[in-house]
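The chain that follows stands alone, in the form predicted alone, written as structure tokens.
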Amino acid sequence: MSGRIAIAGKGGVGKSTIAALLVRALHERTGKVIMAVDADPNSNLGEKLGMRVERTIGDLREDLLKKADEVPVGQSKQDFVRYQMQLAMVEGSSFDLLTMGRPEGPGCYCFINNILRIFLDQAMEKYDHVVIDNEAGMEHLSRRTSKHIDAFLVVSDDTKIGVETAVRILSLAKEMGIEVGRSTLVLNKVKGDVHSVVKVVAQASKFEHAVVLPFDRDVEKASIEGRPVIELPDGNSLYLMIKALALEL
């Protein structure tokens, strides 16, 4: 089984940035191609990775529902769906990206979803490491896209409300019956004295580990200029901390 790292958190806490930097760090450490899955409907992991996404699984699902009777002669529906899903994969030299896209619209998706889940699980098995960027509600995890997570990172700001939300996200994952290996609270964009957030971290006792990441002006500048965050300098302090986190994972 591949090492599956799922990242979740409410909007605006920087989880996609952390996901992108983890993809880079894992590739640099292992030399292997990493699978990146953007499972947040507000898809922007591709932008962070500098990859242009032409087609999402959401687009594929809608097309397949409309063209259910247009399967080429001699090809099964299962093979047809697998082929179309392969086309949705954006391949790079250091990582491959699959973007889930929008949630379902009206109609029956049961058959298509079952095939997509099977294909995604099979695809994940081909990679040593898979990084999944989720939404706060973890829609795709709730549908058992991935039944086991080796490392679950929940990203939050350094506020009491933010941490309480992170604890609820962790509880939600366990209520879904998802097998969570290592759970880590990541306090991101922390400004000022790091020790000032110790009490906040202590409130998140349900997590096995906690990591504090500082606010980074290089990341802010890249975001303002629309540059991929994956291109941060090697010596960037935030990236060095993400590399240390990747080593632990």
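Note that the structure is predicted; figures quoted are calculated from it, not measured. Don't overthink the numbering: it's just position in the shown sequence, from 1.
Not on display, but discussed next: the form predicted in complex with a small molecule.
Using a 4.5 Å heavy atom cutoff, Lys48, Lys189 and Pro214 all lie near the small molecule in the model of the complex. In plain terms, the part of the chain that comes close to the small molecule in the model of the complex, with a heavy atom within 4.5 Å, is 40 to 48 out of 26 to 34, 54 to 62, 177 to 185, 40 to 48. The closest heavy atom approach of Gly11 to the small molecule in the model of the complex falls within 4.5 Å.
Contact annotation for Leu238: at least one heavy atom lies within 4.5 Å of the small molecule in the model of the complex.
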